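Quick setup: one chain, the form predicted on its own, written in structure tokens, and binding and motion questions come after.
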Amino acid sequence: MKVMAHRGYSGKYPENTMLAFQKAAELGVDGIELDVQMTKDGKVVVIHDERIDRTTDGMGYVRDYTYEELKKFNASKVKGDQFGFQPIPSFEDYCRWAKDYSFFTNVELKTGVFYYAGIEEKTLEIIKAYGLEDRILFSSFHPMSIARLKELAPEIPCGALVGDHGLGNAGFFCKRYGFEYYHPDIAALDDEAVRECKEHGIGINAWTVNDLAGLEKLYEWDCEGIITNYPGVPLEWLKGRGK
């Protein structure tokens, strides 16, 4: 079972910052999950919310700022001031750094609220520029976004992302549209959903799993991946089982 750091090591460090990614890498994670949106001047940036209010000392929508303007805000607000100034990274900054590591990256395209024109093409272009195509997994709450990525790069695996409501016949859905993975909130998973996905050869990466009960359940189900804010815990737990 692969361990993915949710927005980096976000349980301890400011989410979706280079610091959180570096700390996750130091733990030896299998993968890092992050979110991308697009600025006013068409720059792909790493941030979870469409607005910058929660995670930075600024206000407003990502799409209303240029990247040069966004870089002035402190993205460590979500953890107070204990980690100093941490800028919103560009996706290119991340890829330039990640190319020197062996982990894979689960890139979530945040196209569910605003459909950023050309975000799939621009994100893929950056990935290819740094030779990361074989270490990428795409996901999105917007099925058409990952369908577009399948058109552009059919060799890169994609996951259908859903919330705690789940998705009936998820395995059939993913198989029909060529998505290799199902990415549900762990609250949406049960024996039937797991069985149906396995019948169709669809892997399951569940989020956000921050407790031992959830970890044990995913292990029992033989799921492919766990997405967690505290990656050190499942890494040690799995190591104790020789995994």
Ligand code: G3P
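We number the residues from 1 along the sequence you see. Model, not experiment: these values are computed from the prediction.
The form predicted in complex with the named molecule exists for this protein as well; it is not shown, and the discussion that follows is about that form.
Trainee: At 4.5 Å between heavy atoms, is residue 48 in contact with the named molecule in the model of the complex?
Mentor: Yes, residue 48 sits close enough to the named molecule in the model of the complex that at least one of its heavy atoms falls within 4.5 Å.
Trainee: Is there a non-hydrogen atom of residue 106 within 4.5 angstroms of a non-hydrogen atom of the named molecule in the model of the complex?
Mentor: Contact check for residue 106: yes, within 4.5 Å of the named molecule in the model of the complex.
Trainee: Can you check whether residue 227 is within 4.5 Å of the named molecule in the model of the complex, heavy atom basis?
Mentor: The answer is yes: residue 227 has a heavy atom within 4.5 Å of the named molecule.
Trainee: With a cut-off of 4.5 Å between heavy atoms, is residue 75 one of the residues that contacts the named molecule in the model of the complex?
Mentor: No.
Trainee: Residues in which of 33-41, 191-199, 173-181, 66-74 have heavy atoms within 4.5 Å of the named molecule in the model of the complex?
Mentor: Contact-bearing stretch, as computed: 33-41.
Trainee: Answer with one of 114, 130, 101, 141: the residue that has a non-hydrogen atom within 4.5 Å of the named molecule in the model of the complex.
Mentor: Only one listed residue qualifies here, and that residue is 141.
Trainee: Of the options 79, 110, 122, 148, which one has a non-hydrogen atom that comes within 4.5 Å of the named molecule in the model of the complex?
Mentor: It is 110 that has a heavy atom within 4.5 Å of the partner.
Trainee: Scan 1-26 and write down, in order along the chain, each residue with a heavy atom lying within 4.5 Å of the named molecule in the model of the complex.
Mentor: If the 4.5 Å heavy-atom criterion is applied to the named molecule in the model of the complex, 1-26 yields 6, 7.
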